[in-house]
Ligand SMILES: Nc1ncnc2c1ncn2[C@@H]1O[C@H](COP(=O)(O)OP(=O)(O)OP(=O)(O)O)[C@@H](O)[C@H]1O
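Let's start with one chain on its own, the form predicted on its own, as structure tokens.
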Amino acid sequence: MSVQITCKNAALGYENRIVAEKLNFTVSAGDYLCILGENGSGKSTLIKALLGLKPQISGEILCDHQGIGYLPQQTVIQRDFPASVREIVRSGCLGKTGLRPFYTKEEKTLADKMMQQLGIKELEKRCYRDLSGGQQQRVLLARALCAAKNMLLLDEPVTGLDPRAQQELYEQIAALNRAGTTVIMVSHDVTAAVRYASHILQIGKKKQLFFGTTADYRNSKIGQTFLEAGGADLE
């Protein structure tokens, strides 16, 4: 499988302060990588580096930033956005339109396909702010898929959802991965991480660094420590 992201001995930070260092990992086509770490461990900074928004302090990160569909954490203001589902999903194609003030037939067809795939086609004329939390996340996931070439970067996508909606979204993301989409998810849910991901990247202090398969993580000392704690130390 082709390698889509390579990170070699990278150090990340801001204002001359290093928040994560000695990061070494790769992401290949079709992988499902879950990024774990305590608050302040550098997860958000790593996201910005992968999106090309913030350069690393040292080391090397090779990544096609334009190929990533991004689903950020949703804010309260965003949940109240007064636009239709169809408008929001189609807006994922804006990076492809350039100066064109309209969507092409192909872009509209792509948006329809993503809504159909995520089971929200019947909601396309509904106002986004009138939807449930789980429905809103599926709308934003469809939008991210319209922007993606073959990779999704998800930042705590189940935050604020009830347990049923969380489970449904996790299953939806897993289905997308099985269909061939590379998934990178930032999470504090270590239990879900080892259930769905093919690989785990844990960042933090030197003794908390890990990259490898989920099976290897389960068998590692660090993995066993956090699994026994139920992920509490990652909150």
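The first residue of the shown sequence is 1; numbering continues from there. Just so we're clear, the structure is a prediction, and the values are computed from it rather than from any experiment.
The next section is about a form of this same protein that is not shown, the form predicted in complex with the named molecule.
Using a 4.5 Å cutoff between non-hydrogen atoms, Ser44 counts as a contact of the named molecule in the model of the complex.
Residue contact with the named molecule in the model of the complex: Glu156 places a heavy atom within 4.5 Å of it. When the named molecule is considered in the model of the complex, Glu168 lies well away from it, no heavy atom lying within 4.5 Å. By the criterion of a heavy atom within 4.5 Å, Lys22 is excluded from the residues contacting the named molecule in the model of the complex. Proximity to the named molecule in the model of the complex, defined as a heavy atom within 4.5 Å, singles out one entry of Ser84, Gln116, Gln73, Gln78, which is Gln73.
Asn39 is the sole member of Gln66, Ser58, Asn39, Thr191 with a non-hydrogen atom within 4.5 Å of the named molecule in the model of the complex. With the partner left out here, the named molecule still marks one of 175 to 183, 44 to 52, 26 to 34, 191 to 199 in the model of the complex; by a 4.5 Å heavy atom cut-off that stretch is 44 to 52.
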